[in-house]
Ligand code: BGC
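Shown below, as C-alpha cells, is a lone chain in the form predicted alone; questions about how it binds or moves come after it.
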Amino acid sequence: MFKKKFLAAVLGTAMVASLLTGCGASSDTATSESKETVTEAQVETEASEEASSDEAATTEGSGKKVGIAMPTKSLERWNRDGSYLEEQFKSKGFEVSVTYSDNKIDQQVKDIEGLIADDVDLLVIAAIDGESLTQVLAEAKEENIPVISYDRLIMNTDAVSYYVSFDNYTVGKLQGEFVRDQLDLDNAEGPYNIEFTAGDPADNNAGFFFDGAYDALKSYIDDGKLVVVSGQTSFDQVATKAWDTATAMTRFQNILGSNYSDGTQLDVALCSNDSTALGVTQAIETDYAGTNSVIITGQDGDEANLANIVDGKQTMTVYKAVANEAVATLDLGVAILNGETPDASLIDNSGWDFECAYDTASYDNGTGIIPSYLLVPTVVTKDNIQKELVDTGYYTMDEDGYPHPTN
C-alpha cells in the first residue's frame, strides 16, 4: 500500500511540473523541477527491487517457526547436532525451539506434541525410537506440518517428507575396510580374533552400521581368517541398548572373561560408535589378559574417544561432519517451506562444498521409500586428526595435543 501511495504522489508531482511548463514557466524553472522529479520508470524499478528484497526475506524464514527434537544431551554428538541446527535456522531468520528428551520415548512424544501445539511450520526430528512416533506424527500431518527425519529414519509413518543423514551402511563399511587393511587380510595368513559391538535396536541406523561392517568382513570370517571366538555374530547378539557405555563395558567384560581369560589373543573390537567403544576400551584395560594392542573402531568423534585415539587406546573413529548435515537440513527445510518439491537438483543449486548423494531407493520406512540426502563420512585416525578435524575448523587442538569440539 505504501509503495502505491508513493508512486501516485510522485506521478502527481510530475504532472504538476508538466502543467507549469505548458503555462509559460521559465526554462530554468522547468530544468530545476525536472532534476527533482523521479520518473515513473525509476519508481517502478525501486518498488520492484524492494519487493524482491521483501520476497527474499520471506523465503529466508521471517516469522516462521522450526521445531527441532533431539534424543538426549547425554551423548555428546546430539548436543553438537542440536546446536548446529539451531544456529543454522536462526541465521536465516527462523524462530527455533529445540528439545532434548533424555532418551525417554514418552518424553519425546510429549516434546513433539508441544512443538505442534506451538504452531511450528517445520519439524526436524532425530528419533529415540524410530517405531514410536506414528501417532504424534499423524497429528503433525493433520496440521500440514512437514517432517524431516534427521540422522535416524522414522519408521511406519507417511508423515515423513525427507530423510537427511550420512550413508549409514558406508559408516560400517569403512570400519570393516579399516580392519581389513590394518590386518592386511588379503595377504596375511591369520587367523585373527574379532568381536563385534553394535548399537541400539531401537535406532534404525544401528542395523545399517553393523551390516556395513559385517558385510565388509564376512568373506574373511567364512574363510576362517577372522574368528569370532564368542560366536556372537548376529545383530541381536551384539546390540547395545541406548548405545550405553556402561552396558557395552559389562557385556565386553563377560566376553573377555568367558573367551579370553586363558590368554587367547583378541585382535579386533569392532564397535559401531564411540560411546560403545568407550565401554569396550575400559573393559579391555581392566579385564583383558593379553598384552597386544587391540584394534578398536568407533564413530562420531566424541572428545573422550579422540583423546583415546591420541593416546593409542582407540584406533579410529568414523567422523560425521554434523555441521554439514545441519546445512543440508536448513536448505532442504527452506525449499520445503517455499512450496518446492526438492530433489537431486537441491545439491547443485545449494552449492554445498561437501559430498552428498540424493537417494530414492535405499530407505523404506514401512510406508514407502523416503527421499534421502546422504552425506559421506570420514575415517579419522591419530595420523589425520589435524587435517580432518582441526584444519577444517570442527575442533581446536590444545597445547597437549588433544582435540576439542568448537561447538
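Numbers for residues come from their place in the sequence shown, where the first is 1. The shown structure was predicted, so the numbers you read here are calculated from the model rather than taken from an experiment.
There is another form of this protein, the form predicted in complex with ligand BGC, and it is not shown here; the text below is about that form.
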Quiz item: Since the chain is shown here on its own, which stretch among 141-149, 75-83, 330-338, 179-187 would lie within 4.5 Å of ligand BGC in the predicted bound form, judged by heavy atoms?
Solution: 75-83
Quiz prompt | The unique member of Q175, Q314, T240, N273 whose heavy atoms fall within 4.5 Å of ligand BGC in the predicted bound form | solution = N273
Self-check item: Heavy atom within 4.5 Å of ligand BGC in the predicted bound form - residue from N205, S161, Q88, T157
Solution: N205
Quiz item: Hey, with ligand BGC in the predicted bound form, do F209, Q299 and K320 all fall inside the 4.5 Å heavy atom range?
Solution: yes
